[in-house]
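The form predicted on its own is given below as one chain in structure tokens.
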């Protein structure tokens, strides 16, 4: 009897089979921690989308202040395929509120998608890459808890965006019901991309690959929506962007498409959890192929390595700006019909003569393209910051590679890449203008107008380098804040009649408005000098400081 008891006591107890709830243990704590980490990031995203809607509302109410101006706008864009492809379905254009929704919805949906993508990725795949998830999982944290906390945080941000946009649009004088439907459409689009990101972080083991997958998905959905709206067929219902825009704020206020977005978001999130159970921590479902046993000749220099690391991002940005050039060029023929006789709209373009409206429009589009190229340049410069923070720069710098050579390789990619992207935009705009006007000289004029903005783009890149060299831990936030500031100044300083010194804060405002104005050397030399000074400051700071982590 005693033997049996001792044997029974020695036999190990069977481990309790974990219940479904155990896989989400610790979600509340992780959610609170993620909310604290993003206490500044998420309000900035929400404020950016809300501010764009508010400014667009005020601007449109000023532009289309008479029935004639609104009728001219509706006649111009209602049947313009390029405008429909860029903005969405031409519904509700008989009211100013409908025009606001038409003009701003695609842009804010992009902001919502990016906010969801960065939020979910930051708290899942990025934490796994950095080793933080493994440390957290060593405590009593369930396998699903990090992903669930990230999804909940993204959903909260999408809800905040919806409420903020609805409140801001109502406060600027737009109908309340339509305003909150507009906000809900942005939040619903963000929820769908929350689910898409939840799946993407399981597929690949690298943060940048997640960004590529989600960004590619947005591009595909945008194209499907554009084709469906232009042709008026079923393709629009294959895109979550099309679902969100099918709410038609201020005209029909449809709520059923929002339910479709919600169902898709839930289904994608459930799929993400299912895929999470089929991979190892830190890995993705797809494994990278083995590399070469020896580096190719192109990788035996810091510049070659930087080009290899950044070539995918450069090609994506260059292609995007080239396609944007096609859209801007295609819209040029409708400019005179759209804004001729509208004093507020003319003021936005500098009060040109009617015959100069197209050139004024093109010069404005190139200034916006320049800011997008500057955003690429900043991202390329900050790749050096991520390499340093993730401790991949230290092994390179332990070799005979100097700090200046290592940083210079990333800066060279940023400067050359942004210049090539601007040139690509000029070429595509020029080709479209040649096809429209039959004037071969238009190609050279458009390329020259685009390239004229390159020194201004380099000033923004130089600012990012200076911040990287002097304030590495704040460089990312401050550099992107500067890009946002310059974008707001460029888009709204003229229409809101802000003081001249505010406009001068943006380097883009220093460039002659080609092709409307002739090229002059003075501003270009001044911008180049400022860019060189900022670059020198950044290099000097980097040589003198310690390597930063995190």
Partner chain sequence: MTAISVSGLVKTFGTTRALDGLDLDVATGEVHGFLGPNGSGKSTTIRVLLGLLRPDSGSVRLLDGDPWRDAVALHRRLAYVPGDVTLWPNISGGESIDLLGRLRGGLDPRRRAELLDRFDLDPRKKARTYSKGNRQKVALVAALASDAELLVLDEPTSGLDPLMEAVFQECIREARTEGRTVLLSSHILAEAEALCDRVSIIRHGATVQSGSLDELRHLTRTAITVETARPATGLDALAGVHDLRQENGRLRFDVDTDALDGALRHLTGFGVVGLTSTPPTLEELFLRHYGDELAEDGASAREPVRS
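Residue numbers count along the first chain shown, from 1. Only a predicted model underlies this, so the values are computations on that prediction, with no experimental measurement involved.
One more form of this protein exists, namely the form predicted in complex with its partner chain; it is left out here, but the text below deals with it.
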Check: Is residue 390 close enough to its partner chain in the predicted bound form to count, meaning some heavy atom within 4.5 Å?
Finding: yes
Notebook entry, point to check: With the partner left out of view, is residue 403 within 4.5 angstroms of its partner chain in the predicted bound form by any non-hydrogen atom?
Noted result: yes
Margin query: At 4.5 Å between heavy atoms, is residue 291 in contact with its partner chain in the predicted bound form?
Written below: yes
Check: Are any of the heavy atoms in residue 295 no more than 4.5 Å from a heavy atom of its partner chain in the predicted bound form?
Finding: yes
Notebook entry, point to check: Can you pick the stretch from 220-228, 304-312, 474-482, 154-162 whose heavy atoms fall within 4.5 Å of its partner chain in the predicted bound form?
Noted result: 304-312
Check: Within 4.5 Å of its partner chain in the predicted bound form, heavy atoms considered, which of 397, 264, 443, 412?
Finding: 397
Item checked: Heavy atom within 4.5 Å of its partner chain in the predicted bound form - the one residue of 299, 86, 326, 114 that qualifies -> 299
Notebook entry, point to check: Relative to its partner chain in the predicted bound form, which residues of 525-544 have a heavy atom no more than 4.5 Å away?
Noted result: 543, 544
